[in-house]
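This document starts with one chain, in the form predicted alone, laid out as structure tokens.
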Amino acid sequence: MIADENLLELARDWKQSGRKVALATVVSTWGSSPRPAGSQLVVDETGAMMGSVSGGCIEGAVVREAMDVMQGAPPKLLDFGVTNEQAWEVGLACGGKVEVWVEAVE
């Protein structure tokens, strides 16, 4: 696992090597969230990734959006949330919310 502070250097290196690259950043959280604001995920056009913005289905959705952004879609603010009631239904202790900004690295 690469330290969060080195992810921007990795994104730069991947970009300079000719890859299309996107960067996802947790911009806000509320309640239960596996990763704090400022956490980042770097993704390239092959699906290679480093870092983390959450985990599970959220990270998969972020990678799909990152692929779109690398193909020319505008940057996106993604909003994920689980109510306390939904969390109880799947065995989690509480709900939460996370917002993730996804942008292409130019």
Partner chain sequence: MKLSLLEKLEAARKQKRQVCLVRLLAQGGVEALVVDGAQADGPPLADDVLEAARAALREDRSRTVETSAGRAFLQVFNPPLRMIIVGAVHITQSLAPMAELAGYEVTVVDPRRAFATDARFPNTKVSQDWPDEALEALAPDRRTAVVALVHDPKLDDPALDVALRSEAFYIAALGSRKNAAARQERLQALGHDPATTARVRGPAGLPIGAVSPAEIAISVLAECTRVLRQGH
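Residue numbers count along the first chain shown, from 1. Just so you know, these numbers come straight off a predicted model, no measurement behind them.
Only in words, not in the display: the form predicted in complex with the partner chain, which the text now covers.
Chemist: If we define contact as a non-hydrogen atom of the residue within 4.5 angstroms of the partner, is residue 75 a contact of the partner chain in the model of the complex?
Modeler: Because a heavy atom of residue 75 falls inside 4.5 Å of the partner chain in the model of the complex, the answer is yes.
Chemist: Heavy atom to heavy atom, is residue 15 within 4.5 Å of the partner chain in the model of the complex?
Modeler: Result yes; residue 15 sits at the interface with the partner chain in the model of the complex.
Chemist: Can residue 27 be called a contact residue for the partner chain in the model of the complex at 4.5 Å between heavy atoms?
Modeler: So residue 27 counts as contacting the partner chain.
Chemist: Closest heavy atom of residue 37 to the partner chain in the model of the complex, within 4.5 Å or not?
Modeler: Taking the distances in the model of the complex, the answer for residue 37 is yes, it comes within 4.5 Å of the partner chain.
Chemist: Could you list which residues of 8-24 come within 4.5 Å of the partner chain in the model of the complex, counting heavy atoms only?
Modeler: 8, 9, 11, 12, 15, 16, 23 sit within 4.5 Å of the partner.
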